[in-house]
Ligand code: FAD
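The data below hold one chain only, encoded as structure tokens and taken in the form predicted on its own.
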């Protein structure tokens, strides 16, 4: 058993920013950061485009950024939270600059600013086309200098510890459910350990791996959301899965797709169908700079209409040297598969990218479970509503990590450790006989979610998805109860839970709004509501 004052699950921008904040404020307290893979293997690392922030009030304004966010969110944003993030954002971006993050600058020393879909002004700070990688690098470097932050890699968190583990019946209606820590599978020793904490932050990222093709890395399996749901915490708006319109299409390549950042369209890239038509003008007056939900549906429509598996992104009119300067990794990736962007168009198709819903929190990042906070992609703060505005996610992570740290700092001294937590009980389980039982179920899950719960949905598809997920859940729970746990089994269990939550939220929403488009309900309901599960 281990004890820590502050436990952080996840090592992306949200988790590391929070860890730094509380470590600096409490130099004599222990901060423990846990991750199931390498320290830098996070969704943050793969964020290309940049971070949206208003720090040039001569040419931009908070009001414009707020309006852009609200328009993209399609009526479901929490306006107070939007104002908080936009107005507190510049100071938080200054924090990460002080920690060493380098954003591209003009020759006069001012920051280069890009523009992406849904933005009315040029306000995206970036580091070439690897902004997330650069921010992750700066944060890990700053964390390494803090003496009271301990980093544990290759540990898989199984479940949150609550009163349930003390023998009490815990339901959604139970008042004051408390988080006492977590059970973890140490992948290096293959032992299950318990870690007790006064304050726990869930910063586990997204869940793109529930789909067949995603821009997310293999670790994005919805672990935090699943754990909180099992612990009877509140989960919100899971039906709003953002499909990035432009992932690089590579025939026969599944799993993680290479992202072609929205900044390419922000710089003038044009989407064309197989006939060479610039088709976006038929779908939205903003053309290629429409919000992601509109662009993704337009591409999906064109692919279905023409019977093709991708459309084209045309960058042949760009200045080649400037393209290489701004997008060096995209240029090299395309070149590696025989595409010279100066001569050839880039084949692109939508891929699962971002979860706008997640663990329901308030404006200080508090979940519905006491002493448990959530921030980053696994949280539903109210910022994104029904569709995230491009490059708002990194900003949200910084702002809410700071807010979580403020609130946690006020509480930590009044919290005691719960020392009568039982050890993990693996009695009656054995080693799984066939890994095929897990791998095949994962393939089935990804096919069901991609075919039935993708960019366009309807009631029949959702009903079929629900029935198939019920069967997968039953089979997987039986496996979980009778075999020793493994990372593969734990991830499958979590992904089936996330799939269930997405389908359930989509089934409850009898309208089309933002990222949720149901052909049986193409209009918007007059009742604007969040779906809380």
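Residue numbers count along the first chain shown, from 1. Quick caveat: nothing in here was measured; it's all calculated off a predicted structure.
Separately, the form predicted together with this ligand exists; it is not shown, and the next lines address it.
Q: For this chain shown on its own, do 22, 365 and 368 all sit within 4.5 Å of this ligand in the predicted bound form, going by heavy atoms?
A: No: no residue has a heavy atom within 4.5 Å of the partner.
Q: Counting only non-hydrogen atoms, which stretch in 61-69, 28-36, 475-483, 462-470 is within 4.5 Å of this ligand in the predicted bound form?
A: In short, 28-36.
Q: Out of 142, 155, 448, 101, which one falls within 4.5 Å of this ligand in the predicted bound form, going by heavy atoms?
A: After the contact test, the surviving option is 155.
Q: Indicate whether residue 393 is a 4.5 Å heavy atom neighbour of this ligand in the predicted bound form.
A: Residue 393 belongs to the contact set for this ligand.
Q: I'd like to know whether residue 223 contacts this ligand in the predicted bound form, with contact meaning heavy atoms within 4.5 angstroms.
A: Close contact exists here: in the predicted bound form, residue 223 approaches this ligand to within 4.5 Å, heavy atoms only.
Q: Give a yes or no for residue 503: in the predicted bound form, does one of its heavy atoms lie within 4.5 Å of a heavy atom belonging to this ligand?
A: No, residue 503 sits far enough from this ligand in the predicted bound form that none of its heavy atoms falls within 4.5 Å.
Q: My question is simply whether residue 216 lines the interface with this ligand in the predicted bound form - judged by any non-hydrogen atom within 4.5 Å.
A: Looking in the predicted bound form, residue contacts with this ligand include residue 216, since a heavy atom lies within 4.5 Å.
Q: What residues in 30-50 sit within 4.5 Å of this ligand in the predicted bound form, counting heavy atoms only?
A: The stretch 30-50, when checked against this ligand in the predicted bound form, contributes 34, 35, 36, 37, 41, 42, 43, 44, 46, 47, 48, 49, 50 at the 4.5 Å heavy-atom cut-off.
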